[in-house]
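Here we start with a single chain on its own, the form predicted alone, put down as structure tokens.
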């Protein structure tokens, strides 16, 4: 429950304005890389591939995957960098001394990560419209999965920022865990295209269910029942949020 709406809104505004003020680092790079992915994989290569998945072109197949990938990266990078820099420069103490509850602190930081993820993934969608006619099959599911995914990885970014002791450690989870799992979760390929042993591993990969949720929302095509995808996304979001609040409450690496 929010008991200090003015403080919460001020923190949220600061986090959102922060990434907009450095849009050349936070917004435009993922949009440029997505354009290159679409041109190289979707247009140049995809147009020569007999894809044949439920009537989708290869380009229409990868656009939801790209949206998910950048939604995850944008949400994670925003909160991880913001909180880690606050710890690094020790101005985290100002927030800890403010009349904000730990719930409100996490929610305020979360707002910046969610906003950045939505802005970047929307930009990827708009760019894709110049290359292929792709609509939104189920708007409710799209909003649901975008919010759940951005919450999950905004919280993951905060957890990484609390755990990290230097800038090298800050990117460990993103580079060595999140991105490989996302790519193996079906961003560029249907799971059926993988070797059988890797298909089994992929079904243990939570990113598969998140990517599948966004893909169904955009195209109506899914490899996994939506009930399973939605349940996994919700559980991951709730657990990650309340665990982050718990870390703030016990002062994990927040108080020197």
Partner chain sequence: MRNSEIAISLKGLTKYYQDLKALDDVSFDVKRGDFFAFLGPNGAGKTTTINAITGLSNYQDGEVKVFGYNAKTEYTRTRPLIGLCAQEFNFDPFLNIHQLLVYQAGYFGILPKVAAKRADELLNRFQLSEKRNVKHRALSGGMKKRLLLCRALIHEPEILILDEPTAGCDLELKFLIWDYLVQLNKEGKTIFLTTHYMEEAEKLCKTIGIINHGHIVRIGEKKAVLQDKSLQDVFLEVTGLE
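Residue numbers count along the first chain shown, from 1. Note that the structure is a prediction, hence the values are computed from the model and not measured.
The next section is about a form of this same protein that is not shown, the form predicted in complex with its partner chain.
- Of the stretches 132 to 140, 171 to 179, 156 to 164, 87 to 95, only 87 to 95 has residues with a heavy atom within 4.5 Å of its partner chain in the predicted bound form.
- This chain is displayed alone, yet in the predicted bound form one of 111, 119, 100, 146 has a heavy atom within 4.5 Å of its partner chain; that residue is 100.
- At a distance threshold of 4.5 angstroms between non-hydrogen atoms, residue 105 is in contact with its partner chain in the predicted bound form.
- Looking at residue 11, you'd find a heavy atom of it within 4.5 angstroms of its partner chain in the predicted bound form.
- The candidate spot formed by 40, 203 and 219 is out of contact with its partner chain in the predicted bound form: none of the three has a heavy atom within 4.5 Å.
- In the predicted bound form, the residues of 3 to 20 lying within 4.5 Å of its partner chain by at least one heavy atom are, in order, 4, 6, 7, 10, 11, 13, 14, 17, 18.
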